[in-house]
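Single chain ahead, by itself, as structure tokens, in the form predicted on its own.
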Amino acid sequence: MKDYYTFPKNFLWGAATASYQVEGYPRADGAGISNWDHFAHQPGRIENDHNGDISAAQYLKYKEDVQLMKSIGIKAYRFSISWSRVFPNGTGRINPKGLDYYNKLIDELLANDIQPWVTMFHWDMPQALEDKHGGWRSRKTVDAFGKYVGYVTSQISDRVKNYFTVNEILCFTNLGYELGVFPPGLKLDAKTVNQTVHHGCLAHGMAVQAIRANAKTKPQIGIAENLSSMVPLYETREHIDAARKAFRWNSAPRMTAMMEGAYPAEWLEHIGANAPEFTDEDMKIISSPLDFVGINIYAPTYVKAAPESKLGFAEIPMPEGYPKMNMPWLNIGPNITYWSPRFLKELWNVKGIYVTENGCAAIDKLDHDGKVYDTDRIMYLRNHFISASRAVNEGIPLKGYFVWSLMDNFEWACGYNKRFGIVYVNYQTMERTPKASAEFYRETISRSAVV
């Protein structure tokens, strides 16, 4: 079989998960109650009132899952640490058994030649911090986060080199404090919500500094951010320029603050009296230098040039009937794995870029032969790999790709009704079955080329 779209031999092929989504047993061995654990047990919050009590049971089955990764050829595993397992109350008392789990997982990965890439915060915060301080409404939560990150780094950095600070700031701020569909389930005013976003950015910067201050070996640090994937209507200079402007505008205030050390003046003007309170020192912390940028990208937003607009661009609404995967928002647009890395490079000269999440939900069912033939997911992944290959071969510093997700899991507010994994999980028996997409991924990894 001929390989058409190639990658460098050192391109990093990985898989990603998050603690509350896959581990299960969130209160085991002395762990505290997390905000997601608390939220998911409130009736009506999650579809079918599902929760993460068992999830995919990786807390018990991590050795089996590492062997699964090894069999697929995965070179790196991006997983998150549950803050409330290590600090049950967010601060103060440390729970050694909680950290022991992650030490065992890290050791198992390394023993099988799989790199651990650790996310310090993937949305599960100790509920005690929400109850006591108001969660991300308070700088006290930011301070607690910095101390948690520093401690964990001091304990794992003899073996872990690669770190993500936080995952998707808008999701744990806007979805939790504005729309109310994530914990704590509130619908607050715009100024308060913008303050939580600022605190999310500040927590990122504090984590960068805490990792650097406590790491035993030189760390590599980045963020995993869900930047809007702006795509030009078609590839003419004016539409490309417009999409680049839209990418920067929609990156405000998170990535622009991190990369430029300031909130864009046009953004502050746009939000007016709803701007967050911040200091010059805050901005210095937020813009602490990064070694790489991780982007979580799933669906496109098409953009056209609009000279009549003050911003110079206009977003194009998705037409009725536009093809999508098995989520209402998951429109198919595989050239996002080209344009997002390209704009990161062109706007901020980012030297190292990783696709830290990309994947899709599909209606997966076991066939009569016991296999899952998820040809729709293979279609989705293959076309995104083709665009990623274009980026790499044009010299854009795209260094690696983490598929979302390694396995089916608790899909937040959707519960267990949406399957994103390349490995099928039977939620009654916890049996794992690699899907056809896992076999496709194995072939791609082994060749470092799209097949």
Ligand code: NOJ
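The numbering used is simple: start at 1 and walk along the sequence shown. Source: prediction; values computed, not measured.
We do not show the form predicted together with 1-deoxynojirimycin, though everything after this point is about it.
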Per-stretch contact check against 1-deoxynojirimycin in the predicted complex, the hit in 209-217, 99-107, 244-252, 160-168 (non-hydrogen atom, 4.5 angstroms): 160-168
All of W136, Y177 and N274 within 4.5 Å of 1-deoxynojirimycin in the predicted complex, heavy atom check: no
Contacting member of F385, W404, Y59, Y424, with respect to 1-deoxynojirimycin in the predicted complex [4.5 Å, heavy atom]: W404
Contact assignment for 1-deoxynojirimycin in the predicted complex, among Y298, F343, Y77, Y380, heavy atom within 4.5 Å: Y298
4.5 angstroms heavy atom contact with 1-deoxynojirimycin in the predicted complex for H122: yes
F420, heavy atom within 4.5 angstroms of 1-deoxynojirimycin in the predicted complex: yes
Contact flag, D374 vs 1-deoxynojirimycin in the predicted complex, heavy atom cut 4.5 Å: no
4.5 Å heavy atom contact, E357 to 1-deoxynojirimycin in the predicted complex: yes
Stretch 318-340: residues contacting 1-deoxynojirimycin in the predicted complex, 4.5 Å heavy atom cut-off: W329
